[in-house]
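Take a look at this one chain, the form predicted on its own, written out in structure tokens.
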Amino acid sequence: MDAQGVPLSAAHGPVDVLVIGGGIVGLGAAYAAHRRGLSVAVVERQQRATGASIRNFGHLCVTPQTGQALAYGTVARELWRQLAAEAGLWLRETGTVVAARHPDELALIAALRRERETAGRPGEVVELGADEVRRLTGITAPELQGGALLPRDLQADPREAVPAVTAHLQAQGVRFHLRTAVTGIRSADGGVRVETTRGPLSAGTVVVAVGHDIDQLLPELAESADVQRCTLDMLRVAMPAAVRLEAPVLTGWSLIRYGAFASLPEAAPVRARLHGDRPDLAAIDLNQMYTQRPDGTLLVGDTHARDISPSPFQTEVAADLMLAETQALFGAAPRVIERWQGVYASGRGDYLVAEPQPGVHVAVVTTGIGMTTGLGLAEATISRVFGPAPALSHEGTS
């Protein structure tokens, strides 16, 4: 039966594409298939998505990526803009501000600017002086040296984006089987049969987009790719009105995480200094960054810990450190409104892409850039099977 109690086998025939997982990669696959005129259904074990796709910053940080992640992120950027227009979701095209508090961070920013200019991508990194960074962010830290604007980056509200895209796809005729868990997948007779807790479903193609829960459905594949769960300490805080972010904010701790910066030789002294000066922050694997939600509150984070079955218990040490760093940066004490444990899949590489059975395609982002690149991964997955989609109406615009 589906969520309304109707037996699946009686109410629904086969579809061209069945997507398992209603997070951002699954929704991206459903959207990509629907744009090609295919019949689509989505199976989601919760009433609504509650995992990585809503527990994040909503920061679509395309510019700091490299390699395949940059390629997926570039595609995802245009898909986010298209979905914002179609589904009416909140999307800011204000870029990202990088706040540099040491000359070695300025040197790293300049190095990426030069690299992108050499690669024929000028304007992706715009260096800023300290006064301009303060104007855009409200940062008051006296050690601020300057920074950069990454104008192509975007920001969505993660708590609103997934429900808005889900509602849009439902209105377009994509079927959603909610509160329905998949118990087995088997290729047979030129198609794929999917067993669920409400009965069987069948499709020509199945996309498995269950994120960190891939080990619950395809354990051998997850083990072969060393997939674990990465858990994060995150906070939502209230700040004085003077702290108004014109764009998401990254710091030096962010620069040594994201591939485009971290892969440059100039990242080594930044990493050595930060880890040497603040081993307490290195121990919690900090990415000190901030986004501001439409209601004015700040999302603050984040820490990183990896395990197959991580502990659900969060220590106050990490929260205290993040709050202290926030106060030092903005010159005002944050007031905590919410705390939560983020989670995403972590593996050897950035992505787990596989076809474990004929017609069954696995698409999992195995690092913390699912919102940034997930729509691009989903588009590539559907494109491999069905070919390119019609052009986006926003394609090629800035």
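Heads up: residue numbers just count along the shown sequence, starting at 1. All values derive from a computational prediction rather than experimental measurement.
Absent from the display: the form predicted in complex with a small molecule. The rest refers to it.
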Using 4.5 Å between non-hydrogen atoms, is residue 66 touching the small molecule in the model of the complex? no
Check residue 128 for me: does it contact the small molecule in the model of the complex (non-hydrogen atoms, 4.5 angstroms)? no
When the contact criterion is heavy atoms within 4.5 Å, does residue 365 count as touching the small molecule in the model of the complex? yes
In the model of the complex, residue 203 touching the small molecule (heavy atom, 4.5 Å): no
Within 4.5 Å of the small molecule in the model of the complex by heavy atoms, the stretch out of 231-239, 263-271, 134-142, 93-101 is 231-239
Looking at 352, 52, 41, 32, which has any heavy atom no more than 4.5 Å from the small molecule in the model of the complex? 52
Given the small molecule in the model of the complex, answer whether the residues 87, 151 and 247 all have a heavy atom inside 4.5 Å of it. no
